[in-house]
Every structure is written in structure tokens, then in C-alpha cells.
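Below you will find one chain, with nothing else, as C-alpha cells; this is the form predicted on its own, and questions on how it binds or moves follow later.
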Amino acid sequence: MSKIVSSLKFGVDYYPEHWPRSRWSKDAELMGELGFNIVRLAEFSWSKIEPKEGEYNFEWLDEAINVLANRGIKAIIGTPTAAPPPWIIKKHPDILRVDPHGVRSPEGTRRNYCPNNPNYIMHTKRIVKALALHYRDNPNVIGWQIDNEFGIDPCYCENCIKAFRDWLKNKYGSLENLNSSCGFIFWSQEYGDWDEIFPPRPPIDMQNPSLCLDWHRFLSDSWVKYQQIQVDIIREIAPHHIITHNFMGLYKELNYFKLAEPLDIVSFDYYPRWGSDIDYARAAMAHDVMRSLKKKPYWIMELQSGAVKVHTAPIPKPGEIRLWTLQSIARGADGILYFRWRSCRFGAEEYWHGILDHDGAPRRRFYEIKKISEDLKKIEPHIEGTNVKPEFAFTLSYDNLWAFDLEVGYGGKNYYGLDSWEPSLDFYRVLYSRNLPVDFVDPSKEDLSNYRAVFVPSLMLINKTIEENLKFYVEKGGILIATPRTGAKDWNNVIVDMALPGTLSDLFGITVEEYTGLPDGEKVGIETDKNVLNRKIAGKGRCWAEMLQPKEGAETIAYYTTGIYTGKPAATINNYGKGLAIYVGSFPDENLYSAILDWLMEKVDIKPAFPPASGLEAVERVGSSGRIIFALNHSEHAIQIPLKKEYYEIISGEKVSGILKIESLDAKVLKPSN
């Protein structure tokens, strides 16, 4: 039996256990009216499935699955391990996490357990095995979501402390290697026994940076290992079922590449509207990261369909749910499930609204999704087998994100005054405004040769594999662009003992002669050299400035015009093999990145799906069936786009040429006319 993943999945997250059985048929009827073909069920229902240890009650879930199946709706079952039932906590209170101050997590909530606790692992294996055995032959169950929204809340219980020591022993082999690799001679912290080692506790700025990074790596690996326990059970019992987990976009505390590796599909929980404004560039970047984890289409497991539980929460505007749905599909989603079906009347998420309000009556949001369903029926045949195929890539190392965030000065603030996503977001915003999608690549594992240019956002941590991969890419003709602190540390989070950018100095053709922070909002002026970039653009750098010294053969492409480095190189370009390596010594503004991008687009002849326009997001999906362009208008006004050829607009069924007009919060889906 093959895994059912080909067709577009369209559905909702449904909690039948929250409602009387007499309502289930009505819910299924309404879901059928919306054209839903999938639901997610049961991920928070352990206490109903197993009310007492070893006493399983599948009857209610069987009935709910059958009621939905009668309307042609299949099920993804969530393993219910995100919320342990009270009887487990009563029997094993040690499953609750321990915080840095020795206090256990509270009962009565979710995500309060320790992934290294043997008692919880034992109960996890039991419930997952029981569910998999019961539903492996049910034709209306097509797969599983493992747990729910894994995230790191550090646990300092004895199980985690022992597991961390074992993790360090496995990595370093000996105490001598551990002490020398991490610099524990500082402050007299050299270890003479593995049992002397304890996880770092706040304040982090007073702890060893190498140990802090390894602690974070261990925590991430703990959740990856915990997920794998469940994956292995399901693979053995129901190998024909798909397995996914619902990731959280730009959440960065887990190594999402590792977490995604054993899964069939990456799923993503997408909630754009938390306030009056939506950062659509950041939202688009989250989609690109999710698609990039496996370099194939993904699902939206939870798409916002109502107001979320925040202060003075706004409801989605008319048209926004449709726009978010089409944006997701445009960027590579092949599955859309809305959260949630009906707003719950009780519990911690009573104000996390769904498609239906608390009274269960269909209203505006329901009918908007009905319109979406009609649109998707027209779109689906054209996108099957397609995906987004970017020509730009960004390196993404979760270890590096953690290390960047661990650069904490006295007082607990980041040393560079930046969040670790910001070096990526700065340049991504410029690409987004030009309608250029991006892949995110793991530089320690992935081949870079498929990309015309690769952006390296402050990749501090370097090992031999990454160094060789970057150099090989440029040597063979690639274009690499890096920002401050790239190459500054080894893989153990220790500063290199050579001029920066360390082992990449020959690649970029520079040394960093000196650097300075820019406190209190100070900025430095930077101006590009017209003779090199074919444009003279003035801009600003923030937070950090490095004075660069070009080596023979490297050229300066921008100079500082203010500050202590006035007249000195701020950005350089170097020929390396058949390619080019650019190094930018500050965190530049949009003007400077635009100058670099415009030069780059001319250099490698990259053209976007559509030219830039305020509020426009245009993304192209490509496959054997051809090209499909999604043009989305996120603005409050209509936009007009000049067309160079004739297109077939899939939703309206009309041909368009000359000028394409898109109304506010509307979208067009276009296919080039033959």
C-alpha cells in the first residue's frame, strides 16, 4: 500500500471530544460543504483514549473517523504525548521538567514533560504502539503527526544532567579534550571527573560559551531523539502511513534540519495576524525555511482562521484567510489545514478562534473558506508535481543561530544588538521586495552548486566541512556574500587564533583589521564604489562595523563615510577560482543591499516572476506541467502590474495581457498562454 501524499490536502484541525456526539454529523456535513478531504485529530486526547493506565477507549475516535469518512474526509492522528494525563503525573511526578531554580513544571497544562524521563518514554511507547496497532489497517487514517510543536524549555532534572554528561563524553571522548577544546582553564573550571559537570544556568553571560552551546545542542538532540522513538514505532507497525510534525516557522531553538530528516512531510503552523500589522517578508521567509528543510512541498498543519489569544486580538480581515492560503500554496505548500474547526468554549485556548465561533454557526470566515475551496479546485490540476525553484540560497545553521544568541554581554543583551535571524532578514527583505524566493541550505551537508548566488549571514561557526563546501562552491563559479563575524569561531564556539575571517580569509581576500560595536543606535555611513558595482549608492550600517584590509586581487566595493573608519573599506569583492566572494563589514540597510542585489541580478541575469510593486508578493511554482505564478496583493489598495506576455488567469478562466490589476487583499494565479 503506497503512502497517500500526491493530491492537494485541504481540511481542518478538529476536536470532536470537545463537543456532543450529536453534533459530529453536522460538523462533518459542514466540512463536506467546504470541500475538506482531511482532518487532524486527537493530538491532545490522551486522557480520553486512555483514562486509566492500560484501559484504552478508541470507540469515540473510531466513531468520529467513520462520521468524517462518510463525507470523504480522511484523518491524520496526532500522537497525544504533548499533554500527559493527570494519572501519569500522579504516578510519576518526576516526568515534569525541572527549571534552572529546581522547580518542577506545573501540572494541568501541555509541554510540561521531560523528553529524557524514562517513565514518560515508557508511557509514550505504550500509547503510540496502541494507537498504531489500532489504526494501521483503517483505510480512513492516512498518517500521523508526532506530538505537537516541539520546543525547548530546558530541563535540569537528574536524567537530563546524566544524559548531558554522556552526550559530552560521546562528543569529546576524554576530559582532556573537553577541557582544551572548550577553554575551561578560564576561571579555573577544568574538570577532573565527568560527574563534576553540570548544565549552565542563568545568567548565561557568566557561563562558558562552549558549554552553553553544547547544552543547547544536547537539548535539541533530546527532542530529536524523543521524536525518533515515536517514528520508529509507527514505521514498524504502519509503514504505509505518512509521518509529519507541526513545525513553527522561524522558531529557532531546535535543529529543524535534524527534526525533519526522518519525516515524510514537514508541516508548519502559520499564524500571520497577531496585531495591527503583518510582516509579510518575515512570514514569507518562514515558508521558505519550511520548504527548504526537505527541499520539497510541505503542509500547513495549522493556518489561522480566526483571532488568536493575544491582547486586543484582531480578527482576520475579509479576504486575508484566502490570501494566506494562496500564499502558502504559492511558496510550496501541498496541504492546508485550518486551526481550528470551532472555537472552544473552555480551556486555555477559549479565545483562539476557529472557522466557526463558539456557537458553531457558519459565518463570514466559513463562507470565505468555501470560496477558497472553489478556487483550489481550479488551481490543483496546475500545481501537481510543481515546487518553488529558487536561484538564491541562504546558509542556515541552527548551531550558528544559537551561538549568535549566546553572544551576550554583561547585562544580558546581545553583544551585537541583534537577534540571530536579523542578518538573514535584512537581505531577505530586499529579495522579497523583488519577488525572488530563497532556499535555505545546511552548509555542512548540502550541495550549493544549484544556486546562482549564496548569502552567508554572519556564519560565525566554521568547521572544515563548511569551509571546504563554501570554497568549492565559489571556486566552481558561484557568488558568495557574507556579513560580519563570518568565520570568527570554531565549531566549539571558541574564537579562532588568526586574523578574521579566519580560515575564510583567502576566500574573501581580506583580513579584518579592527572592529567596533555601534551603541545607542549609532550608525555609520557607507557608500558604494561606482567603478565596481556600476552604481553609487549611499546607505547606513548599524550595530557593528569592521575595518577591512583587502589582500592583493581583492577590490573595495563600498567605503565608510562616517565614524572612526571613514575612508576605509566597508565591503569587498574577491575573485576566487571561477567565482566571486563578497564580504560586507557592517549590517547594512536596504539601500546598500539593493545596490548589491541589483548588481548581482545583472551579473547572473536573474529575473523575477513579476517586477516589484508595493504590496505585491509574486511567487512561481515550476514543474513538468509548466510555470504557475501566484500574484498576491497584501496592501489596502489595488495594484497594477505591466505584463510582457499573455497569461491565462486560472481562477477567473480569463486571458490577461497588458496590465494586470489586483484588488486589495486579492490574488491572481497565472499560467503563461501557449
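We number the residues from 1 along the sequence you see. This structure is a prediction, so every number in the text was calculated from the model and none was measured.
Missing here is the form predicted together with another copy of the chain; even so, the following discussion is about that form.
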query: Position in contact with another copy of the chain when the complex is considered in the model of the complex, options Phe58, Phe44, Phe610, Tyr647, heavy atoms within 4.5 Å; finding: Phe44
query: Answer option from Asp419, Glu514, Asp447, Glu475, heavy atom within 4.5 Å of another copy of the chain in the model of the complex; finding: Glu514
query: Proximity of Tyr135 to another copy of the chain in the model of the complex, heavy atoms at 4.5 Å; finding: no
query: Any non-hydrogen atom of Ile573 within 4.5 angstroms of another copy of the chain in the model of the complex; finding: no
query: Pro139: touches another copy of the chain in the model of the complex, heavy atom cutoff 4.5 angstroms; finding: no
query: Partner contact for Asp589 in the model of the complex: another copy of the chain, 4.5 angstroms, heavy atom; finding: no
query: Which of 467-475, 180-188, 235-243, 389-397 sits within 4.5 Å of another copy of the chain in the model of the complex, heavy atom basis; finding: 180-188
query: Every residue of Phe198, Ile495 and Ile564 near another copy of the chain in the model of the complex, heavy atom within 4.5 Å; finding: yes
query: Residues within stretch 300-320 having a non-hydrogen atom within 4.5 Å of another copy of the chain in the model of the complex; finding: Ala307, Val308, Lys309, Val310, His311, Thr312, Ala313, Pro314, Ile315, Lys317, Pro318
